[in-house]
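Below, in structure tokens: the form predicted alone, a single chain.
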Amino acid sequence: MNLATLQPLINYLYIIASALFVIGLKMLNRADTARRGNLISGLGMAIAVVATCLLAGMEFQWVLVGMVVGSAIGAVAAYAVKMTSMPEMVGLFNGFGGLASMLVAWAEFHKWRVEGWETYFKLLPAGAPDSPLYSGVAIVFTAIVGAVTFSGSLVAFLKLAELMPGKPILFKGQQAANALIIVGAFAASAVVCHDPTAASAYAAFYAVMAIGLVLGVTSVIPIGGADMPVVISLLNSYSGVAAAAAGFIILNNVLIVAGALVGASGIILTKIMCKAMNRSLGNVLFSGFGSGATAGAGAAVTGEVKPISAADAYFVLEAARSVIFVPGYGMAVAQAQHAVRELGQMLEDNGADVKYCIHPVAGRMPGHMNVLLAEASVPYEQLVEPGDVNPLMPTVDVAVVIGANDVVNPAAKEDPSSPLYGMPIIDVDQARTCIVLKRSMKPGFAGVDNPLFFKPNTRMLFGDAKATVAQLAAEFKGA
């Protein structure tokens, strides 16, 4: 059966796959439908792969090798990677998406050089634009965006994994250097697009890829502190844009649709993250938040810390009629989500109204806390947003902060000199009693001191979050 006969079937399968992508993405918008949305999107991708394999000229032995190797890596990662390392893994997978797009661009450019434009054009699907400039622009754009995504995601991975300093790395003239790099990228791209058959074009294309890799590094190293969730979602958007651009190179409709969905959803999520921090995207990318110049800013934080024991904290919780849990990265590090869920159930059995309030930038990637609590089978209806719970916080008996820091820092409201000032937070300081579970008084990921620890209604419960929560649960069991 030739391609002309199969092409209508392939197009229909691509339409079905695209529809499943859209439906799956819509379902990911709600916690109670997210798992089904993930399965539906996966089914759409399986259909897209089958449809692509029906195209003529496929070397199936290499397709099978790639599927086996990729599936093995994915399975090992899914089972072996801890939830605390999920942000790093997401960042790394974003990078692999960018690398794949860059390699597609490289392969198509090489084919163009070897075959010549006339022969190369005949290999493209019917209706392809008969323009070397169109193909040249698509190829260099894909190569640059893919390279930026790959190297930028590697830097994000290294920062999140603490294999390199998490704070911004700044140097004099950094923005001017980035501007020169971008100018160099345009110049090399112009050489490639002007005459791809010229002897200098291949060297220029190598320069395009190299410049993209350098730009990815220089774009991400100045970012750190509380901005990493924004970086992850932005790089996710880049990977989608690179995939869509690769779709324009090989004229694959489903790749264009899937890439556009990822790119658009990633930039929307990035905007949500920026809004949650009350900052612009430009401020995130270029301000160097969390650097030595800003991390120590703000009024001096002084006062008396009031420690509390697990036994005394039990009496406070036992008398509470309403409890709000506020999870943060510390809960992920301690793997305390199951213990928190058990304690929450005990409080409910004791007659308390229990909610879990999640800040959009809690943890180190978007949705980090939601995934952890879902893993512990916390009911979706008990998950609330800061905007819904903050007006009611003065009526809450106990707010229990588990490893969160920057998202509950009152300096964001009270200290105009603080780097966090203006960032919407969870107003746990307004609760009747606030119990903060932390290992120490060390500042959070943003490196900003937290006056919440010295508030008159705050009690500090020091220790490992999982062990501490387990102690509280044991007090309820022994009561």
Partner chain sequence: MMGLLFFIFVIAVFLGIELIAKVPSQLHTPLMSGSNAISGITIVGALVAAGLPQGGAWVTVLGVIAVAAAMINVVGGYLVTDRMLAMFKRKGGDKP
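The term rigid core refers to the most C-alpha atoms you can superpose between the two forms while keeping them within 1.5 Å. Residue numbers count along the first chain shown, from 1. These numbers were taken from a predicted model, which means no experiment stands behind them.
Below, we refer to the form predicted together with its partner chain, which is not included among the displayed structures.
**Student:** Identify which of Ala179, Leu170, Ala75, Val217 has a heavy atom within 4.5 Å of its partner chain in the predicted complex; exactly one of them does.
**Tutor:** Partner contact (heavy atom, 4.5 Å) among the options: Ala75.
**Student:** So which of Val333, Val191, Leu103, Ala207 gets a non-hydrogen atom within 4.5 Å of its partner chain in the predicted complex?
**Tutor:** It is Leu103.
**Student:** Can all three of Tyr14, Ser41 and Ala264 be found with a heavy atom no more than 4.5 Å from its partner chain in the predicted complex?
**Tutor:** Yes, each of Tyr14, Ser41 and Ala264 comes within 4.5 Å of its partner chain in the predicted complex.
**Student:** Have a look at 171-179, 402-410, 304-312, 90-98 and name the one stretch with heavy atoms inside 4.5 Å of its partner chain in the predicted complex.
**Tutor:** The contacting stretch is 90-98.
**Student:** Is Phe186 part of the interface with its partner chain in the predicted complex - any heavy atom within 4.5 Å?
**Tutor:** Phe186: no, not in contact with its partner chain in the predicted complex.
**Student:** Although the partner isn't part of this model, could you tell me whether Ala199 comes within 4.5 Å of its partner chain in the predicted complex, counting any heavy atom of the residue?
**Tutor:** Although its partner chain is absent here, Ala199 would stay clear of it in the predicted complex, with no heavy atoms inside 4.5 Å.
**Student:** Does Phe121 reach its partner chain in the predicted complex if we count a contact as any heavy atom within 4.5 Å?
**Tutor:** Heavy-atom contact with its partner chain at 4.5 Å: absent for Phe121.
**Student:** If we define contact as a non-hydrogen atom of the residue within 4.5 angstroms of the partner, is Arg35 a contact of its partner chain in the predicted complex?
**Tutor:** Heavy-atom contact with its partner chain at 4.5 Å: present for Arg35.
**Student:** Which residues in 18-47 have a heavy atom within 4.5 Å of its partner chain in the predicted complex?
**Tutor:** If the 4.5 Å heavy-atom criterion is applied to its partner chain in the predicted complex, 18-47 yields Phe21, Val22, Leu25, Lys26, Leu28, Asn29, Arg30, Ala31, Asp32, Ala34, Arg35, Asn38, Ser41, Gly42, Met45.
**Student:** Has the Cα of Tyr356 moved 2 Å or more between this form and the one not shown, judged after a core fit?
**Tutor:** Shift of 2 Å or more: yes.
**Student:** After core superposition, I'd like to know whether Ser200 moves between this form and the one not shown (criterion: C-alpha shift of 2 angstroms or more).
**Tutor:** It does not reach a 2 Å shift.
**Student:** Superposed on the rigid core, does the Cα of Val371 end up 2 angstroms or more away between this form and the one not shown?
**Tutor:** The answer is yes, as the C-alpha of Val371 shifts between this form and the one not shown by 2 Å or more after core alignment.
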